[in-house]
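Before any questions on binding or motion, here is one chain by itself as structure tokens, the form predicted alone.
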């Protein structure tokens, strides 16, 4: 197992390196660089543009800028913000715990709602519970996240005044954005769980378990669900990337101080170091999550070995 993990981590290095190159070049192809944004109306002054470009190091060749940035990343230095002058690593460290709490809460909501709803729909296939879960799942996938978030704000924050409108700092600030982000993923998980459990319930070992007199709860959740979990775990692992990208929109809607809001602001200001650091961090998390998914496989099904 450790050899497998080591190989996967080594293979992740060229993937992350390629990702860093693509991001580094892409952000510089966007019209209107940081110099134009920072100077505003003064960008018509060639001397001012040349001076600021030189101060920011943007006059150097791309390969030299990239080599300097990559050398800093290897040392754990992601540079400084072009606008605030603050260290990028410090900015991310201040906001990442909020985003981590948001993504973890959203994932918990999506797993609980998705698994319970999917199993209930599969067990009552063709009944009103199945129709209700299927309708809710289709609705959850179809609704735009920003619109759903605004509706939750109007209902629970403006009309009922149960929860705060925006901000971060406690559980009450986390409820609405986490539910907004988790509903879409829960809808996808529910549909996938339903299909997997329906297939599992047709297997011979399920009929054997029922013939032994096991309770429906034990048959459905211990035997059928466990054997249907491998494709579901794959889906949940892939959804982590979707939750991280969805956090960018949700954090902006709720004014939630996370890396999503930081990235949106950095994109507007063309703050290259922040954009590059956040993108590389998200890519690293995605690689590690997929590795964790592979490891979880062996815990779910002991027949899976990686030696």
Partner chain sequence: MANAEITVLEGGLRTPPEARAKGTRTAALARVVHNRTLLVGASITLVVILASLLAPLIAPYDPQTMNLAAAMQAPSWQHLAGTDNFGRDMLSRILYGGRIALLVAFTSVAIAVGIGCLLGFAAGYAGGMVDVIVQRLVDLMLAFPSLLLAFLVIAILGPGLVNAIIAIGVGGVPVYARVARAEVLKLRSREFVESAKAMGASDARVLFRHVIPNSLSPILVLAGLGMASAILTEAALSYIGLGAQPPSPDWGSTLSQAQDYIETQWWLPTFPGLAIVVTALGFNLLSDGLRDHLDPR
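What we label the rigid core is the largest C-alpha set whose atoms superpose within 1.5 Å from one form to the other. Numbering follows the first chain given and starts at 1. Keep in mind the model is a prediction, meaning the values are calculated, not measured.
Unshown form predicted in complex with its partner chain; subsequent notes refer to it.
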Answer option from 264, 70, 60, 257, heavy atom within 4.5 Å of its partner chain in the predicted bound form
264
So its partner chain isn't shown here. In the predicted bound form, which residue out of 217, 158, 108, 211 has a non-hydrogen atom within 4.5 Å of it?
158
Options 135-143, 108-116, 170-178, 74-82; stretch whose heavy atom lies within 4.5 Å of its partner chain in the predicted bound form
135-143
Non-hydrogen atom contact residue 18 with its partner chain in the predicted bound form at 4.5 angstroms:
yes
Taking any heavy atom pair closer than or equal to 4.5 Å as contact, tell me whether residue 65 reaches its partner chain in the predicted bound form.
no
Determine whether any heavy atom of residue 30 comes within 4.5 Å of a heavy atom of its partner chain in the predicted bound form, and answer yes or no.
yes
Residue 95 versus its partner chain, in the predicted bound form: is there a non-hydrogen atom within 4.5 Å?
no
At a 4.5 angstroms cut-off on non-hydrogen atoms, which residues of 235-252 are near its partner chain in the predicted bound form? List them in order.
241, 245, 248, 249, 252
Taking the rigid core as the reference frame, is the Cα of residue 285 displaced by 2 Å or more between the shown form and the other one?
no
